[in-house]
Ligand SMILES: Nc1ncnc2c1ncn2[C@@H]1O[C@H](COP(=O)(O)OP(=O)(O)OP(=O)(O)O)[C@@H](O)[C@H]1O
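Just the one chain here, the form predicted on its own, laid out as structure tokens.
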């Protein structure tokens, strides 16, 4: 088989936010470890889903990869080259982002047409009105918006339509990658399905690659080729979708699987095994960060941090209970 082309590679990404003074005793410095050592690879043409509870660091990871916020440590590579200030503009033209909230991510003072054209003004300066129209028209048609309504403003559109506008804005620079940060979580269920179908059709037609972030396992299952599970700033399991669902290894992933609703009242629901809330990223527990909520935790889990290792078939997991093979 031909080797897969790597588009984006994140190596040992860390993002620590300093905590404001006054929350702790004088002289004591604390940080929020939003991301604490993440390695990630996105291949050409695939959808890599990133799943986890709110606060696990998914959105922060997306913003660090896009260089919207600087990493505390680590590097991001695009097609084998490190992303830095010398090539950041080219990177952002090829890697675009679709944001979570279709209401706050669109400037209410701009017409929809100007919003969609904005990336062209940044990355393709000097285009005439006719040239911009020639680019914008087929893009808005692909996402299901009529070109004739683009003179309207965001408040005149529904949530689903606004998210289509956000997708169109991301597509006008002909990117190779879309980083989708919870793009359907603010939408009704019926609208979610429509937007997810748009993502799938665009991928087939344009050959896009997606880094797709969500807290909803049913959404991630629907869209992903591979799935990375995050907990408290770290990846605890990563595998192909079928492998992950057929051979779930980490107890946290199993609990997320059990949270998927079954649309059949005759089938008994699986109760999630989780109890309590995720620990504070300011003061994470020693050892495995999941041990306080894990029903299978041992004394070793409380003192020794598990390493993310390949357990076969490219299935990575960080769990002491699954160490049949050595890293």
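The shown structure was predicted, so the numbers you read here are calculated from the model rather than taken from an experiment. Positions refer to the first chain, counted from 1.
The discussion below concerns the form predicted together with the named molecule, not included here.
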Listed residue that, although the named molecule is not shown, lies within 4.5 Å of it in the predicted bound form (heavy atoms), from 38, 56, 288, 65: 56
Contact assignment for the named molecule in the predicted bound form, among 182, 117, 176, 243, heavy atom within 4.5 Å: 182
In the predicted bound form, residue 60 touching the named molecule (heavy atom, 4.5 Å): yes
Heavy atom of residue 301 within 4.5 Å of the named molecule in the predicted bound form: no
Heavy atom of residue 281 within 4.5 Å of the named molecule in the predicted bound form: yes
Proximity of residue 297 to the named molecule in the predicted bound form, heavy atoms at 4.5 Å: no
